[in-house]
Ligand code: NAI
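A single chain comes next, written as C-alpha cells; it is the form predicted on its own.
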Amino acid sequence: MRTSFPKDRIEIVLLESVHPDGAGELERIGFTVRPHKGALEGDALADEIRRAHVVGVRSKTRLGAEVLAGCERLLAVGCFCAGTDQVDLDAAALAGVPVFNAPFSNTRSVAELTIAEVIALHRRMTERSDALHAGRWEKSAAGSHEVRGRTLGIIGYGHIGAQVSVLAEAMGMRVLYHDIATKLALGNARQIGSLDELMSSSDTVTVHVPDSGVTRGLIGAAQIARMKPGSYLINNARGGVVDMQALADALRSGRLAGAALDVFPDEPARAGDAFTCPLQGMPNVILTPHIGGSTVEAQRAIALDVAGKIARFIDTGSTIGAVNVPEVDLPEQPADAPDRPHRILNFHRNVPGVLGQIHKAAADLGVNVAGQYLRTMGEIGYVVIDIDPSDTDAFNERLRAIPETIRTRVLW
C-alpha cells in the first residue's frame, strides 16, 4: 500500500531566519528541517526548494507560479508572517498545495507599537530627542500633551484595532472606531458609521485595515482635510492605504501636528537597502521599517503557530488555517488503534459530479467509508476520507483516475 513518506523523509526548507523554535518544533515531531538565514531568489531559490515537501518563508521570498511549478514534491507552504502576498495563492491551490500563515500572532506587538507612537507624538519625543542628539537643550512644554482624555479614532476594528482600543482606553482615552462590518465594541469604545465623522472627531487616527482594492488609497487628501487641525495620523497597516504625498502636504502646511508610519507603498527588499519617502526629515514624524510585528515574542508565536498548522496537515490532512484551499478537518486516529481506518486526501477541481464519482468508486470496490468531510472554495474542492484498510490501493488509483483530481495522497 502506498502511504506518505516516513516523517524523517519529509524535507522542510525554512527561509529568512524563521524563529528557531518553529524549526525545533518541526524537528521534534520528526521532520527533516533545513533553515536558512536570508531570502533566496532565482536559480538559488529553485535549486534549494526543488525537492522540498514544505517551504517556509517570511515576507521577502517570492513564490510565484513558475517557482511553485518546479516543486513537484511540494505538499504545503508556510508563510511565517501575517500576510501571504509573496505567494501565488491561485497557482498553489491549483496544485493542491495549501498555504498557511499566522494572521493574529503579532497582534499584541503591533498594538503596543501603535500605543507607543500615540504617546510619542503627543509628547513630541522625536523632536526633543533629535535636539539633544544635535547638542541643543530644548526643555519646553509647548505642543506636548497627555493622551488621557483625548480621542483615538481606529479605522478597522479587527484583532489589532480591538487590542489598540483596550490599551488606549486603559490610559484614559476616548475610543471611536469605524469598520465596514458591525463589530462588538470592547469597553466603552463606540462604533462610528461614517469614516468622515471619525476623521473629524479624533485627535489621533490610527489605521488597521488589510490590503485590498477597497482599502488602497482609503486615506487621501479629502479624508486628511477632514481631520482636526493639530491632530495625528498613524498607519501601521499597509503602505497603499494612505496617500503619502497628501500626508506630506498636510504636515508641511501645519494642518497635522505629526504622523507615524511603519508601512510604505514601496519597501526595500533587504535590510541595508536605500529607502526614500516624502516624509523624511520632517519634525514629529516617526518612521519605522515595518517592524510592527518584529518582536521576539511575536516571531516565536508566529513560528509555532505556522509550524503547528503544517505538522497537522502533513499528519492528519487538516487544512484549518489555510488561506487558499477549503478548510477541512476530521478527528485524529490513534496510530496504535487495531481498527484504525486509512485516510485519503483528495484535492480536485470544483465541478459538479466529482463527489458522485468518488462514491461510485467506493461502491464499485466495496469500500466502507468510515468518515468523510468535503468542502469547496472557488475552483478547488477538498475531501478527506477515512476508509476501512481493505482495497486502499485500488480505491486510491480510482481517485487518481478521476479527470478532475488534482492530487490524491494516502496518509496511513
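Computed from a prediction, not measured in an experiment: that's the story for all the values here. Note that residue numbering follows the sequence shown and begins at 1.
Same protein, other form: the form predicted together with this ligand, not shown, and the subject of what follows.
If you check this ligand in the model of the complex, you find no heavy atom from any of 37, 112 and 296 within 4.5 Å. Screening 134, 184, 181, 271 for any heavy atom within 4.5 Å of this ligand in the model of the complex leaves a single hit, 181.
Listed residues 209, 260, 152, 303 were compared with this ligand in the model of the complex; 209 is the one with a heavy atom within 4.5 Å. Heavy atoms within 4.5 Å of this ligand in the model of the complex map, among the stretches 224-232, 69-77, 166-174, 209-217, onto 209-217 alone. Contact check for residue 275: every heavy atom lies farther than 4.5 Å from this ligand in the model of the complex. Residue 106 belongs to the set of residues with a heavy atom inside 4.5 Å of this ligand in the model of the complex. Of the heavy atoms in residue 189, none are within 4.5 Å of this ligand in the model of the complex.
Among residues of the shown chain, residue 236 is one whose heavy atoms approach this ligand to within 4.5 Å in the model of the complex. Applying a 4.5 Å heavy atom cutoff to this ligand in the model of the complex picks out 155, 156, 157, 158, 159, 160, 161, 178, 179 from 153-179, in order along the sequence.
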